[in-house]
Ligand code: HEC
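Encoded as structure tokens, the following chain is the form predicted alone, with no partner shown.
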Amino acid sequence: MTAIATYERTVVSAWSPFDRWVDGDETAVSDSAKRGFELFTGKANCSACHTGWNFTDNKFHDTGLPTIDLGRAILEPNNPKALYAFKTPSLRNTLYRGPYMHDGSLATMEDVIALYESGGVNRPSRSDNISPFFFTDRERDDLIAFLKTLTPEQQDLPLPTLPN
């Protein structure tokens, strides 16, 4: 357990185009990515759960994904919002992490966006932050362009020093 925890502390996202843009470099991201950021924080409401520098609130949410996996409800059976709830992942380095969702059921980021556009399965445990919306093809492309900015051009993962 200690070895895994030690390794996980070494996995940190490198400086990404998004970080350079936030730091004031207007040329670090495309106009498409800037529009995507507006959608991320606005119309799509992604930032309700994907917050902070790691783009996660570290909480558990039912995103409306069709699944039989009870999620967090296994540990919190008396919490109705824990049913089908899974921890919000960071969106840092998201390009390296497909397939997506807790079970790998969505192959592409386009599939993830389609799930959220539809609102997913409408059930009592579904997060209050999720409701259907409509994107044009350009808006989908813009959101993906923004998500790409959260991945550094080059990522070096140092080998951890493990405890004795």
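All values derive from a computational prediction rather than experimental measurement. Numbering starts at 1 and follows the sequence shown.
In what follows, reference is made to the form predicted together with the ligand, a form of this protein that is not presented.
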Taking the ligand as it sits in the predicted complex, is M109 near enough to touch it, meaning that at least one heavy atom pair lies within 4.5 angstroms?
yes
Could you tell me if N129 has a non-hydrogen atom within 4.5 Å of the ligand in the predicted complex?
yes
L91 near the ligand in the predicted complex, any heavy atom under 4.5 Å?
yes
Would you check, heavy atoms only and a 4.5 Å threshold, whether Y116 touches the ligand in the predicted complex?
yes
Option touching the ligand, based on a heavy atom within 4.5 Å in the predicted complex, out of M101, V121, A28, L70
M101
So, C46, H50 and L143: all three within 4.5 Å of the ligand in the predicted complex by heavy atoms, or not?
yes
Restricting to 50-66, the residues within 4.5 Å of the ligand in the predicted complex through any heavy atom are H50, H61, T63, L65
